[in-house]
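Two forms of a single protein chain come next, each set out by itself as C-alpha coordinates; they are called structure 1 and structure 2.
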Structure 1
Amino acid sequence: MEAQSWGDLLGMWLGVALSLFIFSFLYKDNPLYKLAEHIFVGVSAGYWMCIGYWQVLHPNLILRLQAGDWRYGAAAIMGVMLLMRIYPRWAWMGRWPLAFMVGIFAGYNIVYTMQAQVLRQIEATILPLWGAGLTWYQWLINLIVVGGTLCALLYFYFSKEQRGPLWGRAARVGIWVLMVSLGAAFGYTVMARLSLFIGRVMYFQDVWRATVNFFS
(Lines of atoms letter the chains of each structure in order from A and count residues from 1; the text may use other names and numbers.)
(Lines give C-alpha, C1' and ligand atoms only; values in the text may rest on other atoms or scores of the structure.)
Protein backbone atom coordinates (compact mmCIF):
# COMPACT_ATOMS: atom_id res chain seq x y z
CA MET A 1 0.00 0.00 0.00
CA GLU A 2 1.57 3.24 -1.17
CA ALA A 3 0.17 6.76 -1.23
CA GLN A 4 0.44 8.21 -4.74
CA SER A 5 -0.99 11.60 -3.85
CA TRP A 6 -2.30 13.70 -0.99
CA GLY A 7 -5.79 12.41 -1.74
CA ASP A 8 -4.68 8.79 -1.33
CA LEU A 9 -2.93 9.59 1.94
CA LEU A 10 -5.97 11.46 3.24
CA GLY A 11 -8.22 8.54 2.34
CA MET A 12 -5.97 6.12 4.21
CA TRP A 13 -5.97 8.22 7.37
CA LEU A 14 -9.72 8.68 7.06
CA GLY A 15 -10.03 4.88 7.16
CA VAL A 16 -7.84 4.81 10.27
CA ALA A 17 -9.96 7.49 11.97
CA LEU A 18 -13.25 5.71 11.18
CA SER A 19 -11.82 2.42 12.45
CA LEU A 20 -10.80 4.05 15.73
CA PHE A 21 -14.26 5.63 15.97
CA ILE A 22 -15.78 2.15 15.70
CA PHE A 23 -13.40 0.74 18.31
CA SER A 24 -14.33 3.58 20.67
CA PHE A 25 -17.61 1.73 21.33
CA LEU A 26 -15.57 -0.70 23.46
CA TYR A 27 -15.33 2.12 26.01
CA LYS A 28 -18.91 3.38 25.73
CA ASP A 29 -21.45 4.64 23.24
CA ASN A 30 -20.36 8.06 21.97
CA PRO A 31 -21.02 10.52 19.10
CA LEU A 32 -17.88 9.45 17.21
CA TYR A 33 -19.09 5.87 17.08
CA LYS A 34 -22.53 6.98 15.92
CA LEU A 35 -20.93 9.10 13.19
CA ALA A 36 -18.86 6.19 11.89
CA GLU A 37 -21.87 3.88 12.13
CA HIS A 38 -24.09 6.21 10.10
CA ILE A 39 -21.37 6.70 7.48
CA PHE A 40 -20.86 2.94 7.19
CA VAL A 41 -24.58 2.19 6.86
CA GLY A 42 -25.13 5.00 4.36
CA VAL A 43 -22.16 4.10 2.16
CA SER A 44 -23.03 0.38 2.30
CA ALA A 45 -26.65 1.06 1.32
CA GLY A 46 -25.60 3.24 -1.60
CA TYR A 47 -22.98 0.75 -2.75
CA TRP A 48 -25.34 -2.23 -2.68
CA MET A 49 -28.04 -0.23 -4.43
CA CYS A 50 -25.60 0.39 -7.30
CA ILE A 51 -24.52 -3.26 -7.32
CA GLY A 52 -28.14 -4.41 -7.26
CA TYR A 53 -29.05 -2.15 -10.19
CA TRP A 54 -26.09 -2.85 -12.49
CA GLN A 55 -25.67 -6.56 -11.74
CA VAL A 56 -29.29 -7.64 -11.15
CA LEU A 57 -31.92 -5.19 -12.31
CA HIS A 58 -30.22 -3.83 -15.44
CA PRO A 59 -29.11 -7.13 -17.08
CA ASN A 60 -32.07 -9.24 -15.94
CA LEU A 61 -34.92 -6.79 -16.52
CA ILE A 62 -34.09 -3.63 -18.43
CA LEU A 63 -31.93 -5.24 -21.12
CA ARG A 64 -34.45 -8.03 -21.60
CA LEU A 65 -37.28 -5.54 -21.99
CA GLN A 66 -35.21 -3.56 -24.48
CA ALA A 67 -34.63 -6.78 -26.41
CA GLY A 68 -38.39 -7.21 -26.76
CA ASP A 69 -38.91 -9.98 -24.21
CA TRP A 70 -42.11 -8.59 -22.69
CA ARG A 71 -42.55 -11.58 -20.42
CA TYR A 72 -40.46 -9.68 -17.91
CA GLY A 73 -43.05 -6.91 -17.88
CA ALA A 74 -44.90 -8.84 -15.19
CA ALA A 75 -41.78 -8.74 -13.02
CA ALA A 76 -41.50 -4.98 -13.58
CA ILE A 77 -45.14 -4.48 -12.59
CA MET A 78 -44.70 -6.56 -9.46
CA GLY A 79 -41.58 -4.57 -8.58
CA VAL A 80 -43.54 -1.32 -8.86
CA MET A 81 -46.33 -2.80 -6.74
CA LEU A 82 -43.74 -3.76 -4.12
CA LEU A 83 -42.53 -0.15 -3.98
CA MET A 84 -46.08 1.00 -3.28
CA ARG A 85 -45.53 0.00 0.34
CA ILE A 86 -43.86 3.38 0.72
CA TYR A 87 -47.27 5.05 0.46
CA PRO A 88 -49.70 4.02 3.22
CA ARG A 89 -52.73 4.45 0.95
CA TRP A 90 -51.38 1.99 -1.64
CA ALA A 91 -49.45 -0.27 0.73
CA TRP A 92 -51.92 -3.13 0.16
CA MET A 93 -50.61 -3.49 -3.40
CA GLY A 94 -47.25 -4.65 -2.07
CA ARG A 95 -48.77 -7.70 -0.40
CA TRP A 96 -49.31 -9.59 -3.66
CA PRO A 97 -45.72 -9.54 -4.98
CA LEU A 98 -44.43 -10.08 -1.44
CA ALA A 99 -46.62 -13.18 -1.06
CA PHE A 100 -45.40 -14.42 -4.46
CA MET A 101 -41.76 -13.94 -3.48
CA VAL A 102 -42.21 -15.63 -0.10
CA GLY A 103 -43.95 -18.61 -1.73
CA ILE A 104 -41.28 -19.04 -4.41
CA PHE A 105 -38.37 -18.80 -1.99
CA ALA A 106 -40.09 -21.04 0.56
CA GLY A 107 -40.65 -23.75 -2.03
CA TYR A 108 -37.06 -23.46 -3.26
CA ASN A 109 -35.53 -23.46 0.21
CA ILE A 110 -37.51 -26.53 1.30
CA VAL A 111 -35.78 -28.59 -1.38
CA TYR A 112 -32.41 -26.92 -0.73
CA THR A 113 -32.66 -27.38 3.03
CA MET A 114 -33.64 -31.03 2.73
CA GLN A 115 -30.70 -31.73 0.42
CA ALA A 116 -28.03 -29.61 2.13
CA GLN A 117 -28.96 -29.69 5.81
CA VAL A 118 -30.93 -32.92 6.27
CA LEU A 119 -29.98 -35.58 3.73
CA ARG A 120 -26.30 -34.61 3.59
CA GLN A 121 -26.00 -34.63 7.36
CA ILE A 122 -27.77 -38.00 7.60
CA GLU A 123 -25.41 -39.34 4.95
CA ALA A 124 -22.40 -37.99 6.88
CA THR A 125 -23.43 -39.94 10.01
CA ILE A 126 -23.92 -43.28 8.24
CA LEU A 127 -20.40 -44.55 8.90
CA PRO A 128 -19.12 -48.15 9.12
CA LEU A 129 -18.34 -49.47 12.59
CA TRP A 130 -16.88 -52.79 11.42
CA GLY A 131 -15.54 -54.32 8.29
CA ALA A 132 -12.30 -55.08 6.47
CA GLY A 133 -9.84 -52.24 6.09
CA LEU A 134 -11.19 -50.29 9.03
CA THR A 135 -8.33 -49.14 11.27
CA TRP A 136 -8.77 -48.57 14.98
CA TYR A 137 -8.42 -44.82 14.50
CA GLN A 138 -11.17 -44.72 11.86
CA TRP A 139 -13.33 -46.97 14.02
CA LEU A 140 -12.92 -44.62 16.99
CA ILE A 141 -13.78 -41.53 14.93
CA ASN A 142 -16.83 -43.23 13.39
CA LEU A 143 -17.97 -44.42 16.82
CA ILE A 144 -17.73 -40.90 18.24
CA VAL A 145 -19.68 -39.41 15.31
CA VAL A 146 -22.42 -42.05 15.27
CA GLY A 147 -22.71 -42.34 19.07
CA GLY A 148 -22.61 -38.58 19.62
CA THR A 149 -25.31 -38.02 17.01
CA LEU A 150 -27.59 -40.68 18.50
CA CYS A 151 -27.10 -39.35 22.04
CA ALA A 152 -27.86 -35.78 20.92
CA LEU A 153 -31.04 -36.98 19.21
CA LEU A 154 -32.07 -38.93 22.30
CA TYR A 155 -31.77 -35.77 24.37
CA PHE A 156 -34.49 -34.16 22.22
CA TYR A 157 -36.83 -37.15 22.58
CA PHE A 158 -39.25 -35.86 25.22
CA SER A 159 -41.90 -38.58 24.96
CA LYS A 160 -40.04 -40.64 27.56
CA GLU A 161 -38.59 -39.39 30.83
CA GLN A 162 -34.82 -39.20 30.62
CA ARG A 163 -33.99 -41.48 33.53
CA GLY A 164 -32.36 -44.83 34.01
CA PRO A 165 -28.85 -46.18 33.60
CA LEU A 166 -29.05 -46.26 29.79
CA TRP A 167 -31.52 -43.57 28.73
CA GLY A 168 -30.47 -40.97 31.30
CA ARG A 169 -26.75 -41.41 30.66
CA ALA A 170 -27.24 -41.26 26.90
CA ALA A 171 -29.19 -38.00 27.30
CA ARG A 172 -26.40 -36.55 29.47
CA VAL A 173 -23.84 -37.55 26.85
CA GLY A 174 -26.04 -35.79 24.28
CA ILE A 175 -25.90 -32.63 26.40
CA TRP A 176 -22.10 -32.77 26.39
CA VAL A 177 -22.06 -33.32 22.63
CA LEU A 178 -24.27 -30.26 22.13
CA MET A 179 -22.09 -28.19 24.45
CA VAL A 180 -18.94 -29.18 22.56
CA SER A 181 -20.52 -28.37 19.19
CA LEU A 182 -21.84 -25.01 20.37
CA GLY A 183 -18.49 -24.21 21.98
CA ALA A 184 -16.68 -25.03 18.74
CA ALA A 185 -19.08 -22.80 16.79
CA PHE A 186 -18.57 -19.97 19.27
CA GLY A 187 -14.80 -20.41 19.13
CA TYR A 188 -14.92 -20.23 15.34
CA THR A 189 -16.89 -16.98 15.60
CA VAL A 190 -14.34 -15.52 18.03
CA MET A 191 -11.51 -16.50 15.69
CA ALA A 192 -13.28 -14.83 12.78
CA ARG A 193 -13.68 -11.61 14.78
CA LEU A 194 -10.04 -11.74 15.83
CA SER A 195 -9.00 -12.12 12.20
CA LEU A 196 -10.96 -8.96 11.36
CA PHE A 197 -9.23 -7.13 14.23
CA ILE A 198 -5.82 -8.34 13.05
CA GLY A 199 -6.68 -7.09 9.57
CA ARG A 200 -7.44 -3.63 10.95
CA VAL A 201 -4.19 -3.57 12.93
CA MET A 202 -2.24 -4.53 9.81
CA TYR A 203 -4.06 -1.76 7.94
CA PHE A 204 -2.90 0.74 10.56
CA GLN A 205 0.65 -0.51 10.12
CA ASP A 206 0.46 -0.21 6.32
CA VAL A 207 -0.91 3.32 6.54
CA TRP A 208 1.90 4.35 8.87
CA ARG A 209 4.52 2.92 6.52
CA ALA A 210 2.88 4.58 3.53
CA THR A 211 2.90 7.91 5.37
CA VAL A 212 6.58 7.58 6.25
CA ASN A 213 7.48 6.66 2.66
CA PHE A 214 5.37 9.51 1.30
CA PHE A 215 7.23 12.16 3.31
CA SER A 216 10.66 10.58 2.96
Structure 2
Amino acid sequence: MEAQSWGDLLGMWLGVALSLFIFSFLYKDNPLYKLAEHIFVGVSAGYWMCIGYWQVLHPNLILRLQAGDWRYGAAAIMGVMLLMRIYPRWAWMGRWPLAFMVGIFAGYNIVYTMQAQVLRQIEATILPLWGAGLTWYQWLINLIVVGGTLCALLYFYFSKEQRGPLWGRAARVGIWVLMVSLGAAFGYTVMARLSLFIGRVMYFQDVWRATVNFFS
Protein backbone atom coordinates (compact mmCIF):
# COMPACT_ATOMS: atom_id res chain seq x y z
CA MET A 1 0.00 0.00 0.00
CA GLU A 2 1.44 3.35 -1.07
CA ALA A 3 0.14 6.88 -0.58
CA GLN A 4 0.33 8.73 -3.92
CA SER A 5 -1.08 12.04 -2.67
CA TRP A 6 -2.08 13.93 0.44
CA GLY A 7 -5.65 12.77 -0.23
CA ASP A 8 -4.56 9.13 -0.08
CA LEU A 9 -2.61 9.70 3.12
CA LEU A 10 -5.52 11.52 4.75
CA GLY A 11 -7.89 8.73 3.69
CA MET A 12 -5.63 6.04 5.15
CA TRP A 13 -5.45 7.79 8.51
CA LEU A 14 -9.21 8.36 8.40
CA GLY A 15 -9.60 4.60 7.90
CA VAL A 16 -7.31 3.91 10.88
CA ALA A 17 -9.22 6.38 13.07
CA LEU A 18 -12.62 4.92 12.12
CA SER A 19 -11.37 1.35 12.73
CA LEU A 20 -10.10 2.38 16.18
CA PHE A 21 -13.43 4.08 16.92
CA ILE A 22 -15.17 0.77 16.15
CA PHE A 23 -12.72 -1.23 18.30
CA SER A 24 -13.29 1.18 21.18
CA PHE A 25 -16.60 -0.64 21.70
CA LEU A 26 -14.59 -3.52 23.20
CA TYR A 27 -14.08 -1.27 26.22
CA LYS A 28 -17.67 -0.01 26.35
CA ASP A 29 -20.27 1.87 24.31
CA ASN A 30 -18.97 5.43 23.79
CA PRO A 31 -19.57 8.53 21.60
CA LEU A 32 -16.70 7.70 19.22
CA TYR A 33 -18.15 4.25 18.52
CA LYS A 34 -21.61 5.77 17.98
CA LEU A 35 -20.15 8.32 15.58
CA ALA A 36 -18.40 5.61 13.54
CA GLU A 37 -21.52 3.43 13.64
CA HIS A 38 -23.75 6.21 12.28
CA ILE A 39 -21.22 7.09 9.58
CA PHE A 40 -21.16 3.39 8.62
CA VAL A 41 -24.96 3.20 8.29
CA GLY A 42 -25.16 6.38 6.20
CA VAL A 43 -22.22 5.51 3.95
CA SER A 44 -23.43 1.89 3.49
CA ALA A 45 -26.94 2.99 2.48
CA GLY A 46 -25.51 5.57 0.07
CA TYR A 47 -22.92 3.15 -1.29
CA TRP A 48 -25.42 0.38 -2.11
CA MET A 49 -27.82 2.89 -3.68
CA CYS A 50 -25.07 4.21 -5.95
CA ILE A 51 -24.00 0.67 -6.87
CA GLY A 52 -27.66 -0.17 -7.60
CA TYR A 53 -28.02 2.91 -9.77
CA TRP A 54 -24.82 2.43 -11.82
CA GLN A 55 -24.96 -1.34 -12.13
CA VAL A 56 -28.71 -1.93 -12.47
CA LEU A 57 -30.83 1.17 -13.09
CA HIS A 58 -28.49 2.94 -15.50
CA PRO A 59 -27.69 0.03 -17.88
CA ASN A 60 -30.98 -1.86 -17.54
CA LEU A 61 -33.50 0.96 -17.36
CA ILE A 62 -32.19 4.37 -18.38
CA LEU A 63 -30.03 3.28 -21.32
CA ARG A 64 -32.74 0.90 -22.59
CA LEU A 65 -35.43 3.60 -22.37
CA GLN A 66 -33.11 6.01 -24.18
CA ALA A 67 -32.64 3.35 -26.86
CA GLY A 68 -36.41 3.19 -27.29
CA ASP A 69 -37.12 -0.14 -25.56
CA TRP A 70 -40.44 0.97 -24.07
CA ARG A 71 -41.17 -2.40 -22.43
CA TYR A 72 -38.94 -1.18 -19.61
CA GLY A 73 -41.40 1.64 -18.96
CA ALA A 74 -43.45 -0.97 -17.09
CA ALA A 75 -40.51 -1.63 -14.74
CA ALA A 76 -40.10 2.13 -14.17
CA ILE A 77 -43.81 2.48 -13.34
CA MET A 78 -43.63 -0.45 -10.91
CA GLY A 79 -40.52 1.07 -9.30
CA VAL A 80 -42.40 4.34 -8.74
CA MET A 81 -45.42 2.41 -7.41
CA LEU A 82 -43.16 0.73 -4.86
CA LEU A 83 -42.03 4.16 -3.64
CA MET A 84 -45.70 5.00 -2.95
CA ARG A 85 -45.42 2.87 0.19
CA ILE A 86 -43.95 5.94 1.88
CA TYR A 87 -47.40 7.66 1.69
CA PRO A 88 -49.96 5.80 3.85
CA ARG A 89 -52.81 6.85 1.54
CA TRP A 90 -51.16 5.36 -1.55
CA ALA A 91 -49.35 2.52 0.20
CA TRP A 92 -51.64 -0.09 -1.39
CA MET A 93 -50.05 0.70 -4.77
CA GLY A 94 -46.78 -0.70 -3.46
CA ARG A 95 -48.37 -4.13 -3.24
CA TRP A 96 -48.46 -4.59 -7.01
CA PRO A 97 -44.70 -4.43 -7.65
CA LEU A 98 -44.14 -6.34 -4.42
CA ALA A 99 -46.52 -9.06 -5.64
CA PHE A 100 -44.67 -9.12 -8.96
CA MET A 101 -41.32 -9.57 -7.21
CA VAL A 102 -42.66 -12.24 -4.86
CA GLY A 103 -44.20 -14.09 -7.83
CA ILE A 104 -40.92 -14.07 -9.77
CA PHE A 105 -39.00 -15.15 -6.70
CA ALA A 106 -41.45 -17.99 -5.99
CA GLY A 107 -41.60 -19.20 -9.61
CA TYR A 108 -37.82 -19.03 -9.90
CA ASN A 109 -37.34 -20.97 -6.67
CA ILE A 110 -39.68 -23.78 -7.59
CA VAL A 111 -37.71 -24.65 -10.71
CA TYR A 112 -34.16 -23.54 -10.01
CA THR A 113 -33.97 -24.65 -6.38
CA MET A 114 -35.17 -28.09 -7.43
CA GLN A 115 -32.56 -28.20 -10.19
CA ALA A 116 -29.61 -26.46 -8.53
CA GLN A 117 -30.06 -27.55 -4.93
CA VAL A 118 -32.23 -30.64 -4.41
CA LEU A 119 -31.22 -32.71 -7.45
CA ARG A 120 -27.54 -31.71 -7.26
CA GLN A 121 -27.33 -32.55 -3.56
CA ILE A 122 -29.01 -35.94 -4.11
CA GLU A 123 -26.71 -36.62 -7.05
CA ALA A 124 -23.62 -35.77 -4.96
CA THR A 125 -24.79 -38.16 -2.22
CA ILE A 126 -25.09 -41.17 -4.54
CA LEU A 127 -21.57 -42.53 -3.95
CA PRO A 128 -20.15 -46.05 -4.38
CA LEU A 129 -19.89 -48.09 -1.18
CA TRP A 130 -18.22 -51.16 -2.70
CA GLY A 131 -16.44 -52.12 -5.88
CA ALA A 132 -12.99 -52.48 -7.35
CA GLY A 133 -10.58 -49.59 -6.95
CA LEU A 134 -12.25 -48.22 -3.81
CA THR A 135 -9.70 -47.75 -1.03
CA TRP A 136 -10.80 -48.25 2.59
CA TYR A 137 -10.20 -44.54 3.25
CA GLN A 138 -12.46 -43.49 0.36
CA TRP A 139 -14.99 -46.10 1.43
CA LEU A 140 -15.04 -44.62 4.95
CA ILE A 141 -15.60 -41.09 3.66
CA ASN A 142 -18.35 -42.25 1.27
CA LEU A 143 -20.01 -44.16 4.09
CA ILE A 144 -19.93 -41.06 6.33
CA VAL A 145 -21.41 -38.90 3.55
CA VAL A 146 -24.18 -41.33 2.52
CA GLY A 147 -25.04 -42.60 6.00
CA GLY A 148 -24.63 -39.19 7.63
CA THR A 149 -26.89 -37.44 5.12
CA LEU A 150 -29.60 -40.11 5.44
CA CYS A 151 -29.47 -40.11 9.24
CA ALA A 152 -29.54 -36.29 9.44
CA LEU A 153 -32.50 -36.22 7.03
CA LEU A 154 -34.27 -38.78 9.21
CA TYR A 155 -33.72 -36.49 12.18
CA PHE A 156 -35.44 -33.66 10.25
CA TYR A 157 -38.46 -35.87 9.56
CA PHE A 158 -40.93 -34.94 12.28
CA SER A 159 -44.06 -36.72 10.97
CA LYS A 160 -43.07 -39.92 12.79
CA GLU A 161 -41.94 -40.21 16.38
CA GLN A 162 -38.18 -40.78 16.51
CA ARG A 163 -38.22 -43.94 18.63
CA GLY A 164 -37.40 -47.59 18.19
CA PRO A 165 -34.21 -49.55 17.55
CA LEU A 166 -33.75 -48.46 13.93
CA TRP A 167 -35.51 -45.11 13.52
CA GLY A 168 -34.53 -43.77 16.93
CA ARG A 169 -30.87 -44.75 16.63
CA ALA A 170 -30.62 -43.41 13.07
CA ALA A 171 -32.06 -40.05 14.21
CA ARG A 172 -29.58 -40.03 17.09
CA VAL A 173 -26.68 -40.58 14.69
CA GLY A 174 -28.20 -37.77 12.59
CA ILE A 175 -27.93 -35.40 15.57
CA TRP A 176 -24.26 -36.39 16.06
CA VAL A 177 -23.50 -35.73 12.38
CA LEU A 178 -25.21 -32.33 12.61
CA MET A 179 -23.30 -31.48 15.79
CA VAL A 180 -19.93 -32.29 14.21
CA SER A 181 -20.94 -30.30 11.12
CA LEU A 182 -22.10 -27.27 13.10
CA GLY A 183 -18.95 -27.39 15.23
CA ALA A 184 -16.76 -27.34 12.11
CA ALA A 185 -18.84 -24.47 10.67
CA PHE A 186 -18.47 -22.57 13.96
CA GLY A 187 -14.71 -23.14 13.95
CA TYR A 188 -14.49 -21.77 10.43
CA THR A 189 -16.57 -18.71 11.33
CA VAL A 190 -14.28 -17.92 14.27
CA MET A 191 -11.23 -18.29 12.03
CA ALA A 192 -12.74 -16.06 9.33
CA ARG A 193 -13.47 -13.32 11.89
CA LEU A 194 -10.00 -13.63 13.37
CA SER A 195 -8.40 -13.31 9.94
CA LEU A 196 -10.46 -10.14 9.41
CA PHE A 197 -9.08 -8.81 12.69
CA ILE A 198 -5.53 -9.76 11.70
CA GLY A 199 -6.18 -7.96 8.38
CA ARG A 200 -7.16 -4.83 10.30
CA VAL A 201 -4.03 -4.92 12.44
CA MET A 202 -1.90 -5.39 9.31
CA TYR A 203 -3.73 -2.42 7.76
CA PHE A 204 -2.52 -0.24 10.66
CA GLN A 205 1.02 -1.47 10.02
CA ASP A 206 0.71 -0.80 6.26
CA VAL A 207 -0.61 2.74 6.85
CA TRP A 208 2.31 3.49 9.15
CA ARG A 209 4.77 2.17 6.54
CA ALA A 210 3.06 4.15 3.76
CA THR A 211 3.28 7.32 5.89
CA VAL A 212 6.99 6.83 6.52
CA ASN A 213 7.59 6.20 2.79
CA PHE A 214 5.50 9.25 1.83
CA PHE A 215 7.65 11.60 3.91
CA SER A 216 11.03 10.00 3.12
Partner chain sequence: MKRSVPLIITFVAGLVMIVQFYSYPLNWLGDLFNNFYNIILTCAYVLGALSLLVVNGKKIYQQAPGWGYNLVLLLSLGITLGVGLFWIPTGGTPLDEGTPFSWIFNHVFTPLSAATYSLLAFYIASASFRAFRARSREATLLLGSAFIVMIFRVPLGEYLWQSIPWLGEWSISAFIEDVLLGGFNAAGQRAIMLGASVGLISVSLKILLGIERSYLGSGE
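Numbering for residues begins at 1 and runs along the sequence of structure 1. The term rigid core refers to the maximal set of C-alpha atoms that superpose within 1.5 Å between the two forms. As the structure is a prediction and not an experimental result, all values here were calculated from the model.
> Just one of these is the form predicted on its own; is it 1 or 2?
Replying inline: It is structure 1; that copy is the form predicted on its own.
> When you overlay the rigid core, is the Cα of residue 39 off by 2 Å or more between structure 1 and structure 2?
Replying inline: The answer is no, as the C-alpha of residue 39 shifts between structure 1 and structure 2 by less than 2 Å after core alignment.
>> For a quick test of reading the superposition: does residue 177 move by 2 Å or more at the CA between structure 1 and structure 2, rigid core aligned?
In response: False for residue 177: its C-alpha shift is below 2 Å.
> Comparing between structure 1 and structure 2 on the rigid core, is the C-alpha shift at residue 130 2 Å or larger?
Replying inline: The answer is no; the displacement is under 2 Å.
> Can you give the CA shift of residue 9 between structure 1 and structure 2, in Å, with the two forms fit on their core?
Replying inline: Value for residue 9 between structure 1 and structure 2: 2.7 Å of C-alpha shift.
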